[in-house]
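The form predicted alone is given below as one chain in structure tokens.
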């Protein structure tokens, strides 16, 4: 037993050592878990300054922006700062050929010029409570997974009824540590959020695809919004009578910048991580799942890019779609690279060996956890082919929009079959509205080419029984020519065009539902879904449920076995704090990157007329004159910087704070090799990328000349503490 335990200690030396920069920590637990470590690394404030329910704290300046990004309040008039790519949907919605805010930017020089955004919201966290005991009350080991979840849902519903809150507040309960713990969030959501300012894409998305996920970066990835409230400062639906929100706390903006080794903290709503997976899951990510998704998106991006470059209207229509597809596409490539370079699979196997040895050395752990790792490996081996089929199905059907349009009409058919005329009328109205909205950013020519290219992959790269029989028959009728098959589908279907849709949906409920079910695109997506359901989904779902159960046990096991390790929960779009230090990095042999970029780099990349690296003339003039105002340093304008903060999607727009809690940057990206931090954090190559707040202010002040915005912010220097 002593021999086994000694081997375990040796095998886990790296694991136990830990990394101060790693972790997405719950803010209410910082005082008990992280405060000493944070102060050791340079933090000058207290944990109670970050999270406090009795007085204003930093958490009161942080919002979930639309549920997909983070933003922060930077004035006492509800001014919000977030990324340009987070605000892009609003910018695009307000853009037209006459007012192209994507190309030219947008600035409101008074409140009356600010633009409303239907559906956009900002959510504050009021307080967080541990409700694990109440949620898991009554659970027994003999319950099935379905019974277990049913009881948990019942307990959560009862708990929500008991919690004290204001009428304008909401209750959210989320699981943590693979459903071993539960926390309750009391929230306040403001639904009148207006666009205030955004630089042109040539600044806000400078470098676009080439620079995405790369360092050094030279982009001003920011936009500004404002929260409006009722006259009582409480959440209210949009009204011209609403007034700028007065926050409990707004962030002060530091003019001091950062230097290497400085403490930094990122506060926001990270989306999803999987840091405690079995090695088999990591191995499949590298070898199977990421390559499959990358391959499909490579083809889709090639098609869209060709059209965008030759047609300005399509360029506007598909700008957001292209960015969304490209973002994950490049991220997955970096993830493969990082996991391979860091030898993540082998390191996880070494950790698992140590885990197994400790379990074998302790009788009290034997009963619960012996064989757990082997069971996980077996389950992952079984799910591999179904996971590949899932990724192919979801990626392809989501990129070919005619299939999505047809799928939306299922609701109309189902409503008629279940609820007759009344259900049909309501479903039809909703479907028309959704489709009409989608048509505004749609090109038939682009979609037809996507159909031709991606359906070829759908057939060629999968097992034959995973491919829709309807499509195989259709393809055969067109001599196995994908272009002709695409023509056949689009010529017969009426779901992708506004006028044709009106024709399709004209007539009695019975006639319309029959017309929908006879539409070729509808028949195709229905058969693709039925084939996937029959051949893949059943096995996939059963195996995934088994893995989820095993992973929950494995998560608890890791905490029981590695008692010296401080565990943080995986990201799940709830409020978190991550902290580290400003650092350079070496991604590969012979290459070293500094932590700061400057405007010289912007000019070095500048290519007149290029869709990625063009610049507005005014920016060039400001640079040539070295007219940086108080935002420059010794004749140079800082642009971006990197640090070892553990971030992920959802952290876009999060504030980067200094040791005193002052705003020094705006998080927007990670370095390419470090994107694998969602699965495996490695301090040697994992870096988050931030816009230097001085570059943001330089653009607002000198480029946009939005003195009204500068005037409402509070700036501090010489590390002033609030």
Ligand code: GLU
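Residue numbers count along the first chain shown, from 1. Because the structure is a prediction, the values reported are computed rather than measured.
The discussion below concerns the form predicted in complex with the named molecule, not included here.
Relative to the named molecule in the model of the complex, residues 264, 641 and 658 are all farther than 4.5 Å at every heavy atom. Remark: of stretches 48-56, 692-700, 650-658, 29-37, the one touching the named molecule in the model of the complex is 650-658 (heavy atom within 4.5 Å). Out of the listed residues 213, 106, 190, 183, 213 is the one that sits within 4.5 Å of the named molecule in the model of the complex by at least one heavy atom. Among 226, 218, 85, 576, the residue placing a heavy atom within 4.5 Å of the named molecule in the model of the complex is 85.
The named molecule is not shown here, and in the model of the complex it never comes within 4.5 Å of any heavy atom of residue 65. Residues are counted as partner-facing when one of their heavy atoms sits within 4.5 Å of the named molecule in the model of the complex; in 668-688 these are 668, 669, 670, in sequence order.
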